[in-house]
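To begin, one chain is listed below as structure tokens, in the form predicted on its own.
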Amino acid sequence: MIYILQIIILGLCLGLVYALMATGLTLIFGVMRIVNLAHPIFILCGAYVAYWLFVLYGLDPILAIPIAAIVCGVLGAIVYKLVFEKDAGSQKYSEMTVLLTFGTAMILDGTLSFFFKNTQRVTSPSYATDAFFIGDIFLPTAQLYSGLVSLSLIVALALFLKFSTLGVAIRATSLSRVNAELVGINVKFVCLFSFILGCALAGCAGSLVSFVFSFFPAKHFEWIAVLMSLVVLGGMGSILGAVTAAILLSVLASLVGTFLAPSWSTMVFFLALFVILLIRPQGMFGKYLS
């Protein structure tokens, strides 16, 4: 029983990191209907920022989160202005963004590969190999810290969306772009800000990913399917759904990886994506798009 509890706790900590990774993706879709296949590469950009800040200046990757968020946010603003802003009102905008974001991901992938090669890297702060012990249960410090920081950032985002004026405008735009414009909301600014915020969240996640996983530029191909499974299972555009799906699938993947084989753990995400598209394509907390 303790062994199973140990696996569930580890899966929960990892699930919170996955939740933060998926939060920015589902926020961007909820507001602008952009299926952002470039989101994982933005996470990797944040990971590289944290990695080099640690290597060059010894800065802890958790303390590097604001810098990674700013870098990815600025990059997101540039990409949005160049690629996505022009046809935001088009009826076929969502379909177009699949190809546009995939192309963006390829450009960023090639850029990172050119400068950093496809070498496996990982940030190694002093606590990366430490652990806390509670009786017979151990908690790896890196996973615990990353889980707690992820949870804090997700709660902060939820509070911002619920109580701030700009957060209310974001939620209104996600419900109806046309109606938001009718009540005087600057939808263009809201869309730009939401995209920047989503990319900044990717940078935050990347900073945590840098010491939880090893990474290299082509890693984003694996994460595309993982993150899409979380967003689709939870419901496209639902932050609560993405967080719930991330925790459930991460715990389940940990159990499968332990009792079957580690190679099967990733299959949990692919299988969940396949099943949810067949049974309930709008996801657990989503609604059919009109």
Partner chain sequence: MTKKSIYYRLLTSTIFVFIISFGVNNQANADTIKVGVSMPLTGNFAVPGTKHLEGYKTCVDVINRSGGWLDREVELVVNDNRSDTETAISQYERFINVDKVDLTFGTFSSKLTFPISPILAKYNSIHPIPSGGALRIFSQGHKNLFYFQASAAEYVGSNMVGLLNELVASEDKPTRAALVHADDFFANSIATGLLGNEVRMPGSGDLVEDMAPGYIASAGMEVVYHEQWPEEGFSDWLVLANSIKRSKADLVIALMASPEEASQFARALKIVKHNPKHLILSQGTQAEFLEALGDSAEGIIIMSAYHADAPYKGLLGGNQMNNSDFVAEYHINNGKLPDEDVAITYALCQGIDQAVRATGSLDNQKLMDWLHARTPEDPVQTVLGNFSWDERGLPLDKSFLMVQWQNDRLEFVYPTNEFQAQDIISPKPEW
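Numbering follows the first chain given and starts at 1. The structure displayed is predicted, hence computed values, not measured ones.
Below, we refer to the form predicted together with the partner chain, which is not included among the displayed structures.
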Does the 4.5 Å heavy atom contact test between P262 and the partner chain in the predicted complex come out positive? yes
Check: Taking heavy atoms only, is A77 within 4.5 angstroms of the partner chain in the predicted complex?
Finding: no
message = Please tell me whether any heavy atom belonging to S152 falls inside 4.5 Å of a heavy atom of the partner chain, as the geometry stands in the predicted complex.
response = no
- is_contact(I65, the partner chain) in the predicted complex, heavy atom dist at most 4.5 Å: no
Restricting to 114 to 153, the residues within 4.5 Å of the partner chain in the predicted complex through any heavy atom are N118, T119, Q120, R121, V122, T123, S124, A128, T129, D130, A131, F133, F138, P140, Q143
